[in-house]
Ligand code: NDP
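Only one chain comes next, encoded as structure tokens, the form predicted alone.
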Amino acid sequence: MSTTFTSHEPATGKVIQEFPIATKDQVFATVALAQAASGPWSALGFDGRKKVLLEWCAVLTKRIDEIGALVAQETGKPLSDATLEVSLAVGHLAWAAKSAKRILGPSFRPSGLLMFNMKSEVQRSPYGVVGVIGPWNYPIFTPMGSIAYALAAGNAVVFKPSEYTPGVGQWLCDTFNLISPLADVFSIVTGLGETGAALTESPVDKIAFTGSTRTAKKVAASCAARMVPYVLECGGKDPVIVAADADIDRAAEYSLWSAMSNSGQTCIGAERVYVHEKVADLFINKITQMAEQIKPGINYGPATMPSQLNVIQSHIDDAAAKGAQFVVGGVDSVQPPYTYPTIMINVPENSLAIREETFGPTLTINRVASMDEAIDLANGTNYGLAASVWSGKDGHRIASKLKCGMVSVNSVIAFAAIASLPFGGVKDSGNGRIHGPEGLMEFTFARTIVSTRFNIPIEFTTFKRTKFADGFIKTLIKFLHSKVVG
């Protein structure tokens, strides 16, 4: 059995570096060290952790060219895209570090008339050790949404990066430990699927997973066996809705980028468009002209995970067999290691290209007679991650009816860049949230503390409770709740 694996450049197959495959025993040992470190890390308090995390933020910023180049090398994406990814990740790290105290500090609640002599407090307490399993498509931005927020909340973190981008994960861990005053607060275990499975079985206190819905269900089952909480960020089949009053030029330009950038390997990227029939021809002409100028190897890179090309090909073939028309690309669009831009129109709703996540530079476009029809079709899959709506005056109404976690109106994926907003989906796209206040709270549990401020002569919680006390409670409840107030 091999004890190491290698990372490769996706476009050439050239070996980048060799990494160890952590065994189950090694994963458990790493988690044990993290458990020992979690107490001292939590004890630093919000201000102490903020100082460390902002120092790490400064290191990442100063070395942005270095990590950007590594992201580009391991994923195959253009350096410009890789640098943008790093920049967004740094922004989230800084926000989590600066916001944790305000959001997670003690909260005092009203005790009510019946319990007026009590002080009611809710504390947010870190779980202890959070296991983070990261993806390969955004190997720094996506896991940072869990790592930064978990650390800021007071947890230690054990990170298992994707086997396609282990170097990025190792670099993140190494740079944190350059400035951390404590060892084992942020650790890494590299390996294949078995290593990730071992992390879910280890004595971690919570799991944060990003990846396919199929794997997420296995992670959830493993966690459920030990009653370990989890947050799952899975795939999407994200729709774009274009109304008759939309700015068609911008809708076409931004939808194309959302669908094709990063070779379509974006869980929140556009995969299907529903455009009002009044402007459909104009939209299709615009996006077709733009797509014909997009070149793989220049505007976007190869498939980071070679096996995804088989999925992309099967979706294209299925759509063609069901009668879809190609306005850009065709059944020969997949030319390893690349997929050429592919746009299909009049695609049957029962096709794989509509129902399942393609995760490639493809896009389906279908006409609709109304926005209500577009909403129904957009909601008609098992996924519910993100969406984009284009409309001059009706965008907010349309967005509010979509069964998904995030919507951009007259923009695409804007929510991912705003650190104060929660990120996550519903249905097969996962549960729980990263980013924003919700992301910080995701990595803590609520502890309620009720303290007696002063004693009162009427005792409720005793076997010595009197008939007078019973009558007092009944009278007070009737006074407070017997009248219906609008």
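Everything quoted here is computed from the prediction, not taken from an experiment. Residue numbers run from 1 along the displayed sequence.
This protein has a second form, the form predicted in complex with the named molecule, left out of what is shown; the following refers to that one.
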Considering the named molecule in the model of the complex, find the one stretch among 80 to 88, 361 to 369, 209 to 217, 322 to 330 with heavy atoms no farther than 4.5 Å from it.
209 to 217
Gly134, Cys234 and Met305 all contacting the named molecule in the model of the complex, non-hydrogen atom within 4.5 Å
yes
Any non-hydrogen atom of Leu192 within 4.5 angstroms of the named molecule in the model of the complex
yes
Ser261 near the named molecule in the model of the complex, any heavy atom under 4.5 Å?
no
Given that the named molecule is not shown alongside this chain, does Glu357 nevertheless sit within 4.5 Å of it in the model of the complex, heavy atom to heavy atom?
yes
Though only this chain appears here, would Thr200 touch the named molecule in the model of the complex if you measure heavy atom gaps against 4.5 Å?
yes
So the named molecule isn't shown here. In the model of the complex, which residue out of Ser391, Ser162, Ser408, Ser187 has a non-hydrogen atom within 4.5 Å of it?
Ser162
Listed residue that, although the named molecule is not shown, lies within 4.5 Å of it in the model of the complex (heavy atoms), from Pro239, Gly145, Pro139, Gly196:
Gly196
Just to make sure I understand: among 321 to 338, which residues lie within 4.5 Å of the named molecule in the model of the complex, judging by heavy atoms?
none
